[in-house]
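In the block that follows, a single chain appears as structure tokens, in the form predicted alone.
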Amino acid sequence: MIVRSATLNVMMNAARKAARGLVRDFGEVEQLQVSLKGPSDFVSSADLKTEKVLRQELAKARPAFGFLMEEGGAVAGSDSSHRWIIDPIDGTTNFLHGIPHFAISIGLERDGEVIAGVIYDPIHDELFHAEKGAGVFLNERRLRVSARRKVDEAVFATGIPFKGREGHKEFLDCAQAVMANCAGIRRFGSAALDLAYVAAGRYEGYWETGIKPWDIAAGIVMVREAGGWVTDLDGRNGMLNNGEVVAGNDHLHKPLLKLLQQASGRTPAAD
């Protein structure tokens, strides 16, 4: 039997409630009103509606907590120690193109550390959830990172910088270094699900730069609770601040990190 905290139950219920409207909107994706938020970076009415439901449900249960949201920005709470980190649709571009690979992501931060996370893929009804010290689960099944030990047997995920983002050359250098050594690289367009898939053992690792806190907050605690490692490209814990993330199982995080550091000209952090 899985024992969950009241707070994690709140997060899971909020994600499921918000997903109902999201699934309806996905079925009518061609009728959505879409505004251009930036080059190749769209925001839809579905983003805003989903975020509104999430904020209402979480604030109702924990009114003192603050928020950091993709659309609504930062909102301070009277409890300065706790903050919700929310992405209403991680994979918005997929959503708007009718590609069924996107997720709701909710992280809970306490004193700068993410202590709980929920990532919900409503199309496939896959609800990933984790709490620090209590493990990570997919629906009712406990997860563990992949046991593969060799880079040449590993499949890694990544995110590709699109138009308007910096880092194209560095990404190509890193991708070339990784693809020359591994079994394959995948790019599916949702950082939250990439991290959840590492926790589930579907990928051996994942890396990306130029990423936002709401894309990765929930996934960080999931990978760690599944026995994996998550750092930035310097091998440190700066992911939420510098937008860099390298995740992997306990055998392949270091080899992946080393390949990326060498390709990008980084000096490895001291152990």
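Numbers for residues come from their place in the sequence shown, where the first is 1. Predicted model only: the values in this text are computed from it and were never measured.
We do not show the form predicted together with a small molecule, though everything after this point is about it.
Shown alone, this chain has one stretch from 172-180, 135-143, 195-203, 87-95 that lies within 4.5 Å of the small molecule in the predicted bound form by heavy atoms: 87-95. Although the small molecule is omitted here, in the predicted bound form all of Glu70, Gly159 and Arg165 have a heavy atom within 4.5 Å of it. Although the partner is absent from this view, Asp215 contacts the small molecule in the predicted bound form, with a non-hydrogen atom inside 4.5 angstroms. The closest heavy atom approach of Ser190 to the small molecule in the predicted bound form falls within 4.5 Å. A residue is said to contact a partner when one of its heavy atoms sits within 4.5 Å of a partner heavy atom; Val53 fails this definition for the small molecule in the predicted bound form, lying far away. Put simply, Glu208 is close to the small molecule in the predicted bound form: some heavy atom of it is within 4.5 Å.
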